[in-house]
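Next up: just one chain, as structure tokens, the form predicted on its own.
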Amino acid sequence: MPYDEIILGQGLAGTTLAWSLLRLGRRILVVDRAVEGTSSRIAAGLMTPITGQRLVQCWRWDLFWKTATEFYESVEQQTGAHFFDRRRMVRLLSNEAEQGYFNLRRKSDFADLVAAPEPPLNPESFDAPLGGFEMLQGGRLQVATFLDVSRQQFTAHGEFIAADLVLGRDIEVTTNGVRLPSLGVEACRLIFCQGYAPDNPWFSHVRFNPAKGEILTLRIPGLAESRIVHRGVWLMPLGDNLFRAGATYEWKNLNSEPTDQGRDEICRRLQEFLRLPVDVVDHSAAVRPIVHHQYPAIGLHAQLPQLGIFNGLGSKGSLQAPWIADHFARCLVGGCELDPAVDLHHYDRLLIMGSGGSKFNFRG
């Protein structure tokens, strides 16, 4: 019996889409290379309401946060696993400009999202001359665990195959669907959820602006802080004096090789606010699948609706993926129109009309 959808790629996008389609009663198959070191697997999984140097509320925070918490907690309940935590975070102010933005917005834009850090950070551990604030909402997804638990669930129900497909050779588009001859399976549709994939012959027009990111695992004896601390980089407690810290952004050397430059950059930024010495115990790198217009892109091929794409989650994927996956799944099943903010073809039309991809006023 053919599947309704084949999902190619079991990173964050493919996994959340698979769950969303299953909840709508679809027959799905997930195909993945099953390799380590992907951007989803090394991702920190942080969900932060206030971001950037200008201290702005994350795009559609209320909607994405509500959907994400409900989604991850429901998958935890269904699988009996634990991989999601609601975590408070402290943001330290780096300069007078950030201090000015915070004072301007604290009582209006995000009055319900921030408070004074309680308890205050230990001044023997942290240097914070300009102060900071605590974010009352936020969370962390243990992404690799979520992916592993989901894979086990899909495998147990015959919904997962490990395979490394060559796109131009191993995928056949038929009149009414898609066939994978090497695996002996076919479906009404195939959705590409591969992350950074510039060699996809059907979606070569998707403009990527990928960024390599590096993350460190550190041992910091004596640091007794349970919250995630942000100041240029983030510092996340793991327990037993272990912490993760990151991340860098590099747009030129797009590979998964850790570098001395990346390690030194993270350590240097940590030294700007952390008073304790650190010992690097692990170092990872991967390429984030950022789409040129900075927002995720989903949609079906304009001439071949048997093929679709869900890509471009970037560094906010853990927060955004559940709502976007559910929205895409409902549109695939019910034929509804995609939200213009994530519709790949809406973005394409703007480029054709000459917007240039640099300024968009349709993001709500």
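Note that residue numbering begins at 1 and tracks the sequence as displayed. Since the model is a prediction, treat every value here as computed from it, not as a measurement.
Only in words, not in the display: the form predicted together with a small molecule, which the text now covers.
Contact with the small molecule in the model of the complex, judged as any non-hydrogen atom within 4.5 angstroms, is confined among 318 to 326, 54 to 62, 301 to 309, 334 to 342 to 318 to 326. 286 is the sole member of 286, 218, 191, 229 with a non-hydrogen atom lying within 4.5 angstroms of the small molecule in the model of the complex. A heavy atom within 4.5 Å of the small molecule in the model of the complex is found for exactly one of 130, 280, 163, 136: 163.
By the criterion of a heavy atom within 4.5 Å, residue 44 is counted among the residues contacting the small molecule in the model of the complex.
Heavy atoms of residue 210 never reach within 4.5 Å of the small molecule in the model of the complex, leaving it off the interface.
By the criterion of a heavy atom within 4.5 Å, residue 6 is excluded from the residues contacting the small molecule in the model of the complex.
Using a 4.5 Å cutoff between non-hydrogen atoms, residue 173 does not count as a contact of the small molecule in the model of the complex.
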